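As a starting point, one isolated chain is supplied in structure tokens, in the form predicted on its own.
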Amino acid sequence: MNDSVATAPTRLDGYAELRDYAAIGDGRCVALIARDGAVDWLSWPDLDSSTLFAAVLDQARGGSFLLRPDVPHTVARRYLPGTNVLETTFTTAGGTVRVTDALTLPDTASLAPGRELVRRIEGLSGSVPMSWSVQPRFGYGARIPIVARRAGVPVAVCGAEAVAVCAWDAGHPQCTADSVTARFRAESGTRALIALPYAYQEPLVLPTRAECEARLDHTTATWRQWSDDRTYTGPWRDAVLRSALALKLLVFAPSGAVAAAATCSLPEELGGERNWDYRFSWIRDSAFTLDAFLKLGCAPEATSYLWWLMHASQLTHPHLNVLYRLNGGTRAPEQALPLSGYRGSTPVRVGNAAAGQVQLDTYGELLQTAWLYTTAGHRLDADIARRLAETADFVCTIWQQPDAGIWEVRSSPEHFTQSKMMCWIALDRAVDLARRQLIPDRHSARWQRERQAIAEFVETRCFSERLNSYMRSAGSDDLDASLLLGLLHGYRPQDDGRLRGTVSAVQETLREGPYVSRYLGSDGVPGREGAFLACSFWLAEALAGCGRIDEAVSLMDQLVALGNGVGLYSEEIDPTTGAFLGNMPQGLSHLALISAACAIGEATR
């Protein structure tokens, strides 16, 4: 699929393919826009808030913002180069229209709304009949607003929230009890504008057209400047830059946290119940996140992220939660919403019960993140250094426990091999930080003893001589793609025979074409899932680490081609149909792409 080639948009049972969505954002929230011009997802005021539009989870009740020609048409899309501003071109028999969409970034030239969606409509040729409809549904579709006019502008109000529908040269908006609609003709050379300014517990600002136009241009210029400042010059540069921009969408600017994905409950199996809320920040992703920031020349983002990580984990120190809210909070109660789900995939969940699990790998991720930060030349303050040393002490007391593992299984806890490997990483990095006098070293001898004990456990109970591979858990006969992280994070040297054997075993057992499954065994949740994209990128990086460069490059070429028409990735892909599955845009998929591209680039120099 290539969105630069105009094709007719399609829907099945009212739902667009997940592959058909592009994302826009402003560092605080994200919207998904389908190829047919519908904004089907938008949570306001923040990325992890309830939604104004959630038609992707319930076409009837979720709410959306439709904007499209009233006659048959084809669609071509792209991001404006170097930006997260989306450009959609509709072509009809009578003419062509271009729509530019952005969640605008705040400027200092005017009194700006708290949040703002702007859609610019330009007639490029001929004359095209257009229609649009705004159906706001607050609180995940549960609360229908009252729509009335203020100073002639339609405003939808619901409790402490309000959104205005400002339109210029876009027809005469008609208000119904719960929506705003209009029709107009986009003539060649004309420009219309529709803006949705939003307020939460504050006065609603009604901007002028000039202010909206200026903020849209400012937003485009700001994104472009950010991209121009990126330093990556290696292979697959366009895909890496797009992944960096996708990752930037998931950075919650007020705190520096990075969300795992922008959405909740997009299914890992159509019609199934593997539907999770990913609008939290996982410690699991921290090392890849910091590494990507550093390799892309995003030092401010790297510093903000580490400080957020240490601030959030301070609340639970020395224990680490699996995930934290974007504001650093720890509450994430899981509940089901009364929505029909994407193409009947229920339950629709918000919150995430994984927050209460034990995942030992998180400690390795935290120490690895700090180690990467210092290796890049940054310093740790005394309080963070003390807490990191205490975290290493804590690992010494808990590493022998079973846990839920990196994949958050809902079956009984096990002694997952990857979790033990990451405990080894935690102590190994602590020893090195202490040796460099970056953290207190008074318990360094204990860390070295327990590190050796973990290695003996992994080497004697988690390795299969018959398969020449580490196994999913102690005494198991199953493989798990997360074992590749043992090589990528440095559990053993890259020329280690056991790790090389593990890479080959994962490739032979879990790979199908470019797709890699996480594992084949049970996990306590009914149903199946698609191939996990991050695992495919991890395999490409691991192959490069083993010196199998041609195989790594070939796999990477295939994976880069799997992105949707605007270069985004979800969490998973159906290997049979190529359909996107799971939440999107998915941070771990894009992080793994960046990491693999950088590693392969370094290996080929």
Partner chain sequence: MSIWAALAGGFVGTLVLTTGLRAANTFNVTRIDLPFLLGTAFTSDRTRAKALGYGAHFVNGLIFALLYYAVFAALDYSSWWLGTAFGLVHGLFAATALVNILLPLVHPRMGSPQTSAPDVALLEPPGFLMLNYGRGTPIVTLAAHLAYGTIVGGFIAWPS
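Numbering follows the first chain given and starts at 1. Keep in mind that this is a model prediction, so the values were computed, not measured.
Here the subject shifts to the form predicted in complex with its partner chain, a form of this protein not shown in this document.
Taken together, the three residues I144, C175 and N275 lack any non-hydrogen atom within 4.5 angstroms of its partner chain in the predicted bound form.
Checked against its partner chain in the predicted bound form, the candidates L105, A76, L488, L510 yield a single residue with a heavy atom inside 4.5 Å, and that residue is L105. R115 is the sole member of R349, R451, R518, R115 with a non-hydrogen atom within 4.5 Å of its partner chain in the predicted bound form.
By the criterion of a heavy atom within 4.5 Å, D495 is excluded from the residues contacting its partner chain in the predicted bound form. A residue is said to contact a partner when one of its heavy atoms sits within 4.5 Å of a partner heavy atom; T222 meets this definition for its partner chain in the predicted bound form.
Contact between F457 and its partner chain in the predicted bound form is not found at the 4.5 Å heavy atom cutoff. With a 4.5 Å cutoff on heavy atoms, E301 counts as touching its partner chain in the predicted bound form. The chain is drawn here without its partner chain; in the predicted bound form, the stretch among 518 to 526, 293 to 301, 159 to 167, 135 to 143 whose residues come within 4.5 Å of it by any heavy atom is 293 to 301.
Contacts to its partner chain in the predicted bound form (heavy atom within 4.5 Å) from stretch 499 to 534: none.
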